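Presented as structure tokens, the chain that follows is alone, the form predicted on its own.
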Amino acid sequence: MSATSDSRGEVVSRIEVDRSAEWVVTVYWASALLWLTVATLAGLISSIKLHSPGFLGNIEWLTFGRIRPVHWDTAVYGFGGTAASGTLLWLQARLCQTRIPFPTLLIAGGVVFNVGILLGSIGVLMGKSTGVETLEFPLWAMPLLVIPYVFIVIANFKMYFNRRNAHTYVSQWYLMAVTIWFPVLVLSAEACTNLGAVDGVAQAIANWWYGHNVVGLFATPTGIAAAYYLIPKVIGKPVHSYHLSLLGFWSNAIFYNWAGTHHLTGGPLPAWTITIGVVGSMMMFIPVITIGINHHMTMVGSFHHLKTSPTLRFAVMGSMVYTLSSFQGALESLRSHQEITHFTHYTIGHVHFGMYGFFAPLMFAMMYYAMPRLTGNEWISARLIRIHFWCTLGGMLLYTLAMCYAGIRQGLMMNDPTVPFLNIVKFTIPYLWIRTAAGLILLAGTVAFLINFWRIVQPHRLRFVTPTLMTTERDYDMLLKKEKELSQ
């Protein structure tokens, strides 16, 4: 009788949590998808300009030097910032079994955050960029990104200290860390670069300390937290090893922070600063291998669920690419590797492999799992889910393979003094066309998800009662027809 009561109480608790989170999380995730669309469109324009320089060439705002930073910043802050914030809030509330505090303030903060990204992007398009990579937004726009995050920090800690159970889950380690790391990263980097706390080559070090860590200590922990929650939850099994989880978390926290300077190989810096970055990058094999083993061993015996579960497909895809892209990034830090791939398209392929292959799929997986619980509706179209998955996977692989192969060949040719530079440029053009095609495929997948997301947040008098699986067929038109008949 007691076990039944506890189970019923847990269900009630989840319903209460989801009701408190519905509008907050939906606002953040809807914003994330809109910014992902903007980022992909900006990336497409940037890509087209590389093989067709005259494209939109008479529009000053859309020159490559302006639209390319907008592509990256809207991907990192617009999509990454809002998707991670929504994930952090919902996951923490669920794991703590407590309501999200001050939802109105969090929604207002989300609106201000989005306004900051919009104004920052407009500033860059107007030519007001700071010129510091990943911190291009004008200084007057950055407070609009930092101040609202304070609300998320307070909400996160409030939920944690008011949790109904004493246990701290693996996902929560990463969520608490992100809450602390992100504001420290942004404030420190702005002070050292755009506010001039340090000068000369020290600014370059600070820039790439931030540029690398905004991925490794913000996006990566959020993605790993999502994977550690979703994979066991969907298949109904515990995480394989608590001790591997500990090793993965602390080694990631210690070593990733040192890896950024490998981006400056060949620059006018003391050799030891580059060596630190290389060593830190190689040490990243420890967390990557331990986390990869943990995820894989948790999945052993449950891979058949990939056929039907949208959440699991995206989560496993993101987890697998995390391992592969991290291996690639660690090896890329080596000086012998940099001699070939530095300043080539290879780096672009690697970055998109991580963002579109690891982080984005895990955020999609969170949305596919949580939105039916937040809205009470099921996903309307399994066909759109299939389109989204295959476009994400196919577009990401096409982009990565084309850019990495072209980058290696490009680097080898640049190291050969007998090859004219113009010949190297001509060689890369077909691969840049492939890059554009891959971007279009990724955009098609994003649009498919946007349509499904828009439909699930609509209020419906009639609802599908069974989960929407990859193999489920839904008749959305019939649902609308029956709703219309009821209203007459």
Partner chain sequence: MLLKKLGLSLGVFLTIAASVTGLVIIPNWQFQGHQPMRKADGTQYPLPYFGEQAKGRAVYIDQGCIYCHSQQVRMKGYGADIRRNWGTRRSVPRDYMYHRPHQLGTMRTGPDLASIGHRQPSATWHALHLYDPRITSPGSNMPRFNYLFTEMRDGDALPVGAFPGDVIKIPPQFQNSGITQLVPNERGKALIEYLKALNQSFPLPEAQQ
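Numbering follows the first chain given and starts at 1. All values reported here derive from a predicted model rather than from experimental measurement.
The same protein also exists as the form predicted together with its partner chain; that form is not shown, yet it is the one meant from here on.
Comment: 131-139 is the region of 354-362, 131-139, 284-292, 112-120 lying near its partner chain in the predicted bound form, near meaning a non-hydrogen atom within 4.5 Å. Not one of 92, 212 and 394 comes within 4.5 Å of its partner chain in the predicted bound form, counting any heavy atom.
A heavy atom within 4.5 Å of its partner chain in the predicted bound form is found for one listed residue only; from 296, 335, 164, 99, this is 335.
When contacts are judged by a 4.5 Å heavy atom cut-off, residue 301 does not count as touching its partner chain in the predicted bound form.
A residue is said to contact a partner when one of its heavy atoms sits within 4.5 Å of a partner heavy atom; residue 68 meets this definition for its partner chain in the predicted bound form. The shortest heavy atom separation between residue 154 and its partner chain in the predicted bound form exceeds 4.5 Å. Heavy atoms of residue 409 never reach within 4.5 Å of its partner chain in the predicted bound form, leaving it off the interface. The partner is not shown here, but in the predicted bound form the stretch 417-435 reaches within 4.5 angstroms of its partner chain through a heavy atom at 417, 419, 420, 421, 422, 424, 425, 426, 429, 432.
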